[in-house]
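Given next, in structure tokens, is a single chain: the form predicted alone.
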Amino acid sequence: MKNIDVDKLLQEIFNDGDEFDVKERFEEKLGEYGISKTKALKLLNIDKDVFDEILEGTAKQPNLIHVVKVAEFLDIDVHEFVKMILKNQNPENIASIDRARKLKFLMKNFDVKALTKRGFFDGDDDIDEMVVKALTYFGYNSIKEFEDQLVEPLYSRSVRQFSDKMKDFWVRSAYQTFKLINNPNPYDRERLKDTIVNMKPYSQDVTNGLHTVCKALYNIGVTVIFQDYLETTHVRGATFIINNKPCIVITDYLKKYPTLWFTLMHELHHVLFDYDTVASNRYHLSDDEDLFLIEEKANGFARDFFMPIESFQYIKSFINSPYVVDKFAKEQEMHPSLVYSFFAWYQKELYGKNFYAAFKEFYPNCKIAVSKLNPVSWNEDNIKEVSEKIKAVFEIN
């Protein structure tokens, strides 16, 4: 009875398959062995009523030893016999097994408590309603479809799921959104380099700048979406390679407008210089870990693009003069909040001084910047509708 795959077993009893008549097989064996039913049950040391309950599927909790003994007598693989017993169970028992399978699906794939707090699940939802919500959101009709078409492509033996289920949820949502958007434009690396060179001035337009840049990136095969930050994930952004095209997702981690632009530039560095590494792992998260030692180069690229150290050395003496900072930002063709943000970073890095709480009055609301991108807010009924809205934004002329 070793190596019984319980997952497979539970799936099989709900799938159509060859029906097997256990009673008929038992009668065949009695004839083959030349003994009566009474004699057989005496030799097996099984009570007649208990035996009948097992074969008829009315036993609420079949004794495992009895099940093994009957399977041996019938010369049937124990796995197959257990499957037959389960198929013969009454509707009440089948429902309880199905409920256990659904509960396992939820516990394995979702942080139910955190997602309920976030509003994804309703606090009054029962198990069936939560499973329907999860499958509908990702666009699947069954648990098997979810596992075969979403979990399996993302997590191979070499790429394991995260211990943080919220991070898994965040990754799966982004992956599914990119698949559904299915950007039709070919990826052009040379045009991406030209686009990056011209990006910085758009940071000055809080309302339209990010949207304009993301639309330009979409037209050269780079899809950018925005997902609301999920608690505990500590993810600023991520780069996926799907259908040989780069896809970027950014969040409002830290809730700062400059961080949106920094993260976008950071991820674009991964697209330009870490494409093969990302492609071999399907995606790369910009979070607290740096498993491939590529984060610092991406950070340096984004930092130098907006404000190299020479610019910091110039502006640090005037940082308390909004007029000078604003004038400097215009000369550098970027929003003043980026000057304050990078000033705080250099102060911490070079002198150990913490200015992260300073100059907040110069930071615009980051929600304004991403509003035209149709952000994924986790309140949507399904990703398909979200994807269609995002795609429409990028493709409207």
Partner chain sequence: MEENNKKSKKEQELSEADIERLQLLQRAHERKGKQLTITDDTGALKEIDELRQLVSKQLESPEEKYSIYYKGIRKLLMDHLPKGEDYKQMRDIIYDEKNIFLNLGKRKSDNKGVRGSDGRMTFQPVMNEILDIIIAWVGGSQNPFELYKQFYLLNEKHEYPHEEYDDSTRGVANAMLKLVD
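What you see is a predicted model, and the numbers here were worked out from it, not measured in a lab. Residue numbers count along the first chain shown, from 1.
What comes next is about the form predicted in complex with the partner chain, which does not appear here.
Participant: Only one of R99, K297, K117, K108 comes within 4.5 Å of the partner chain in the predicted bound form by heavy atoms, so just point that one out.
Facilitator: If I apply the 4.5 Å criterion carefully, the residue I get is K297.
Participant: With the partner chain left out of view, which of T136, S280, N243, S317 would have a heavy atom within 4.5 Å of it in the predicted bound form?
Facilitator: The residue from T136, S280, N243, S317 that makes the contact is S317.
Participant: Using heavy atoms and a 4.5 Å cut-off, decide whether Y202, K327 and E331 all contact the partner chain in the predicted bound form.
Facilitator: Heavy-atom distance to the partner chain in the predicted bound form: all three under 4.5 Å.
Participant: Can you tell me whether K256 touches the partner chain? I mean in the predicted bound form, with a 4.5 angstroms heavy atom cut-off.
Facilitator: Although the partner chain is absent here, K256 would stay clear of it in the predicted bound form, with no heavy atoms inside 4.5 Å.
Participant: Tell me, yes or no, whether P308 is in contact with the partner chain in the predicted bound form, where a contact means a heavy atom of each within 4.5 Å.
Facilitator: Yes, P308 lies within 4.5 Å of the partner chain in the predicted bound form.
Participant: Does R189 reach the partner chain in the predicted bound form, with heavy atoms at most 4.5 Å apart?
Facilitator: Contact check for R189: yes, within 4.5 Å of the partner chain in the predicted bound form.
Participant: Under a 4.5 Å heavy atom criterion, is L103 part of the interface with the partner chain in the predicted bound form?
Facilitator: Although the partner chain is absent here, L103 would stay clear of it in the predicted bound form, with no heavy atoms inside 4.5 Å.
Participant: Using a 4.5 Å heavy atom cut-off, indicate which stretch of 128-136, 207-215, 109-117, 73-81 touches the partner chain in the predicted bound form.
Facilitator: So the stretch in question is 207-215.
Participant: Give, in sequence order, every residue of 252-275 that has a heavy atom within 4.5 Å of the partner chain in the predicted bound form, or say none if there are no such residues.
Facilitator: Read in sequence order, the residues that approach the partner chain (within 4.5 Å, in the predicted bound form) are H269, L272, F273.
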